[in-house]
Every structure is written in structure tokens, then in C-alpha cells.
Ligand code: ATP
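Just one chain is shown here, as C-alpha cells, and it is the form predicted on its own.
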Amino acid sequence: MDMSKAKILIVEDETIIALDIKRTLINLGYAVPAVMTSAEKMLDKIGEIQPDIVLMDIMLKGSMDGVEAAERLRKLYQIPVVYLTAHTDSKTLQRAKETEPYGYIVKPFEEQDIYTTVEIALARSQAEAKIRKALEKEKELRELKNHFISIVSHEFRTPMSTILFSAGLLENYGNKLSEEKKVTHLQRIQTAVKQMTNLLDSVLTIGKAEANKLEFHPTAINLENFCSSLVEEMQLIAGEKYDISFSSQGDCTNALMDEYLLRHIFCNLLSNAVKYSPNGGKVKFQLTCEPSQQVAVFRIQDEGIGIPPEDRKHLFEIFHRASNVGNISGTGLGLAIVKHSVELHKGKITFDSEVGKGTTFTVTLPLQSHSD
């Protein structure tokens, strides 16, 4: 805060005193957005004016005195109050002290009295604002940590149970199982290990991204081959309930992008398209390369549950999950990683969605992405 430009609201019902204070404050370099003659008027306009400090006469006329008005300010807006006072009885003074004012200016006042009191009040307000911000950040980090532990523990539980169950069967009944059954249980163990590996990879990736340490290493890549291969992988994982198709237009054979980050982007988007289409259906992956504009446009369209309007502005936030996902598992990390990966390519990601009918994500990346 530039204290010399601080906005100071005056609440004083004696016009001559109010104008004198205003003149003094302006001469000292402060801004005076308004002078109010009653507490009621002040409270009605305070949200609109948003002053940095309020100079308030304790003995205001009307149904509400300055002490009651200051108490409301403290509870609703956390705006610091400096009292203007002359001779006040001990009871009123005690009430005033309980509102934790930032200072007192005793009438009649000198210019130096106002300047000193206001500067100290502003400095204290600024310091307390920093402390509040730090405490809020600490609380936010603590909540994120607890949320993270809860999610990761939950996501690890299922694959761990699968591994323990299949390993137990192989250990105790291996000699009685057919070769086909043995292979099935070994594949289940491998799949569960891959799930945990992917989760750990996501955790490490989002950690690097949040710390601005996610590296960007573009290399020459044939986007058509890359996307086609990725769709084949995802189709095997998705199973027969889903039809994942891929199509491309334009010359996509000579791009410069980070393949590791591309896999994060499109593995997440494709797996989400499958995951949030619990009844199966079609997933379309379209790639259009436009050399004249030096961009590649990727579209992934599903027929799933869609994204509720109230969730859309939070969709790329870490740990956020839409309100309609129900029991569908997930960590809320995937789209946050996607967003970081797209931004490292200096690209953009948008989406269109209709609840119950599906979602289309559009990722636009420069064909020739260069590291800084």
C-alpha cells in the first residue's frame, strides 16, 4: 500500500470539524473519497467506497453511535477505525476500547497528530493484512495436504487390494489353477502396479508443475503416428464397451513438441473421456494440422456425463472434481497436469460440454514449440 495515496473516509457530524479534517488529510497527500455525517450512511456506502481507513467520531448523532458502527465494520469488512473524540465518559470509552481501534485523535487536533496516528494505523493494518494472508495460505496448504493424503490413500487402496488378492490366490492355490487363470491374475497384478505407477507419476508431475520445475524438451515428432499409437493403447485399456476412433487432416508429420508432455495431455483427456462415459460409447479423437497458421488442433469428444456449469470455472484446479462424478474414481490431478503441459507448449485448451450428452476438449498447440 502506498500510504500517501491511502483512501480515508471521514465520519463526523460536525461540518466544520469534518471539513477541517478533510483539508488536512488532502494537504498531507491522502485521498478523501467522502465525508459522512451518520453511521447509517457510512455503513450503506462503505462497500462501494472501500476505504483503507475510517476516521470516526465516537459521539455521532442518530440511532447508532461511532462505537457500534466501528464494531460492525470490524466484523463485516475488517476496515481499521481511528476514533475522533473529545471528552468521553468512561463507559463509552470502555466500549470503544473493546472494538480494538487503531488509534485515537483527540479534539482539538494538530496536523501532526492526524498524520502520526493515520500512518501508524495504516502500517498496522498493512502488517495485519500480511499476517492474515499468510495464515490463510497456511490453512489452504494444510487443507490441500489433508485432501491429497485422503485422495491418494483411496486411489492406492483398490490396486493394492487387487495385488494382495491375486498374489494370495497364486501363492495358496497356484497348483490348482489353470494356466489361463494364472495368466489372468498375473495380468491383474501388472495392471494394478501400472495404476499405482501412473498415480505416483501424476503426483510427481503436478509437484514439479506447481513448483515451476516441470521441464520442457521439444523434439521432432510425427503427430499422426503418435496419436494413432496412443489411441491403440487406450482402446486396449478401455475394452469393447468403447469405440475410440482417430482421424487426421493436414501434414502432421513434422512437429516440434515435448512427447512426454503430449502423453500426459492426451492420455489424461482420452482416459477421462472413457472414465466419464460409464455406459460406454464412442470417443472421437481428431487431429488437424494447419501449417499456414503453424498450429495443430486436437479435439477429443465423448458421449459421457458432461460437466455441470457450476464446475466449469474450477475444472483445471488441482484436486477439483465435478459434482456429478459420483463413485467414479479419480484424483483431480489429471486436468491440472494437462493445463500445465499445454501452457509449457504455449498453447491453449478449451472445452464445450452438455450435462448428460458429453464433452469436447480442444487443444491448440504451435507446430514448432521451442523451449525458452
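Note that residue numbering begins at 1 and tracks the sequence as displayed. Owing to the predicted nature of the structure, the values given are computational and were not obtained by experimental measurement.
Same protein, other form: the form predicted in complex with the named molecule, not shown, and the subject of what follows.
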Open item on the list: The chain here is shown without the named molecule. Which stretch in 305-313, 64-72, 46-54, 23-31 comes within 4.5 angstroms of it in the predicted complex, by heavy atom distance?
Closed with: 305-313
Task: Exercise: Lys284 in contact with the named molecule in the predicted complex, heavy atom 4.5 Å - done: no
- [ ] Evaluate Tyr102 for contact with the named molecule in the predicted complex, applying a 4.5 angstroms cut-off between non-hydrogen atoms, and reply yes or no.
- [x] no
Task: the named molecule contact at Asn272 in the predicted complex, heavy atom, 4.5 Å - done: yes
TODO: Decide whether Gly347 counts as a contact residue for the named molecule in the predicted complex under a heavy atom distance cut-off of 4.5 Å.
DONE: no
- [ ] Heavy atom within 4.5 Å of the named molecule in the predicted complex: which of Met59, Val35, Val325, Val342 fits that? Just give me the one.
- [x] Val325
Task: the named molecule in the predicted complex - contacting residues of 317-335, heavy atom within 4.5 Å - done: His320, Arg321, Ala322, Val325, Gly330, Thr331, Gly332, Leu333, Gly334, Leu335
